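Take a look at this one chain, the form predicted on its own, written out in structure tokens.
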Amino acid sequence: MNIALLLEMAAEAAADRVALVCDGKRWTYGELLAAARGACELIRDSGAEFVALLDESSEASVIALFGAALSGVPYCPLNYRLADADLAALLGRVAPALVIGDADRLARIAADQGHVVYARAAFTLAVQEACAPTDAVYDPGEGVAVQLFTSGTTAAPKAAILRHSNLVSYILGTVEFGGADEAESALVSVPPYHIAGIAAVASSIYAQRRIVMLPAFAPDAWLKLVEAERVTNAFVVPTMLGRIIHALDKGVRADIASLRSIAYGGGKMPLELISHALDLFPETGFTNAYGLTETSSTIALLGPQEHRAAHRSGDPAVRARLASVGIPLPTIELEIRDEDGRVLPAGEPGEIYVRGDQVSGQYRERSALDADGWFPTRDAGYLDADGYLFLSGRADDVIVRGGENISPGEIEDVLLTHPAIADAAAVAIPDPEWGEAVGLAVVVRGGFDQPAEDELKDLIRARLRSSRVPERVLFVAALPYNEMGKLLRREVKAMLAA
């Protein structure tokens, strides 16, 4: 089943309903489908083997996604924020492609790669002018729908592939067709090259929920768009939510009473931030959505009722669930395994393995699935006795000190209880005696004096074992994060090494 069928079904059911709003222009479902079919003709005529997007979110990104699907060519949105050399390397891996975006930049960094290039406006006009024949035959959807390059937080980007069957399985398992009423709208402000953005578009199309695009996130613009479009649903990453709350705390005013639901994911949510958000938005349902590129988005959810129950509870075990990512979806099998592949009981930390129809677990270069179809996520965590999943970082981030595995997350959580600490990152640093030791990069909260290193070491020693006490503490103005709110630990290690 081709993912474009999601759009075809929506257009057949409600062709005149508004499907997309971007920069003030409104597209109906019928218009969006016609544009996608026009894009299919453009792509086929170009001879491209990929459709690449080098741009912000817009109507062009949605049209390109479904146009590529109809033509049987993988859609590959690229991180336009990358340095020229890194971007040129990724473009070389998808050549020849029909590329939508910055034509001048493409001419400068990849002119010799055989791409067909359209600026956003030119592409949008061309697909509306292209005339798809009435007897056009479209791809059945048996191959690759989307190729996404992983963020490369710990290594070079990998080309993760998602087949139509993976994405369709996720949508059909989590979304009711036509389940949204005409007043519902979803604000999409995450980058188009992230699986969350693609999943948000596909989910909203299938539900027939109006998509409101914010091409470049800014908290003031986000709040104004919620008010102007009476937005009911939104997805943010933790850094975005932090900036929105900061703007509200600083006096930015907007009527956001329409906002029924905020989902978040893509990075670690500080407990202090989500607690403040629950107080600030008492009528809004919050959902923590945990997933990966390789799993076609969400595989576990902490829902609105669980957020409120945990926030109100005096039971430490229940309140702790605010720091979890919730319960695995019914369509997902999830296990925690040790280094030898043994399935671990509740409470014991290890690596998260998942299996299900939405799980691809494949890259252009290789498949990461084992013989039984299980995907090793490389995320570390544990399940509690009630089945709630808690993350403790990437398996690659574990600090191995004298044969003992140390989770950076447990150290960071302790540090964040200190009133003067706004942010912290624990990473492995070389140690001649133990092999690896703990290094810390710490951000001091505005208005506080910098605490003494010994004070922080004593705090960790009092809460955890002495092996968790850092060998080095570095105070920095800010920690390095990517645009999705993921901590770039390789850069933290470089900061400590310098």
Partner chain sequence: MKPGARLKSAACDGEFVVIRAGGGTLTCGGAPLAETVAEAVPLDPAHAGGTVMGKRYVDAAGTVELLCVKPGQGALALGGVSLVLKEAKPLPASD
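Predicted, not measured: the structure shown is a model, and the values here were computed from it. Positions refer to the first chain, counted from 1.
The form predicted together with the partner chain exists for this protein as well; it is not shown, and the discussion that follows is about that form.
Novice: My question is simply whether Asp370 lines the interface with the partner chain in the predicted bound form - judged by any non-hydrogen atom within 4.5 Å.
Specialist: Output for Asp370 is no: heavy atoms all beyond 4.5 Å of the partner chain.
Novice: Would Met495 count as touching the partner chain in the predicted bound form under a 4.5 Å heavy atom rule?
Specialist: Met495 lies outside the contact set for the partner chain.
Novice: Is there a non-hydrogen atom of Tyr75 within 4.5 angstroms of a non-hydrogen atom of the partner chain in the predicted bound form?
Specialist: Result no; Tyr75 lies far from the partner chain in the predicted bound form.
Novice: Given that the partner chain is not shown alongside this chain, does Ala289 nevertheless sit within 4.5 Å of it in the predicted bound form, heavy atom to heavy atom?
Specialist: So Ala289 counts as contacting the partner chain.
Novice: Of the options Gly303, Pro96, Pro349, Pro219, which one has a non-hydrogen atom that comes within 4.5 Å of the partner chain in the predicted bound form?
Specialist: After the contact test, the surviving option is Gly303.
Novice: Pick from Phe123, Tyr388, Phe235, Phe149: which has a non-hydrogen atom within 4.5 Å of the partner chain in the predicted bound form?
Specialist: Only one listed residue qualifies here, and that residue is Phe235.
Novice: Would you point out which of 102-110, 195-203, 338-346, 416-424 contains residues with a non-hydrogen atom within 4.5 Å of the partner chain in the predicted bound form?
Specialist: Among the listed stretches, the partner-contacting one is 195-203.
Novice: Given the partner chain in the predicted bound form, answer whether the residues Ala48, Phe50 and Asp86 all have a heavy atom inside 4.5 Å of it.
Specialist: Heavy-atom distance to the partner chain in the predicted bound form: none of the three under 4.5 Å.
Novice: For the stretch 1-39, return the residues whose heavy atoms include at least one within 4.5 Å of the partner chain in the predicted bound form, in the order they occur.
Specialist: The stretch touches the partner through Met1, Leu5, Glu8, Met9, Glu12, Ala13.
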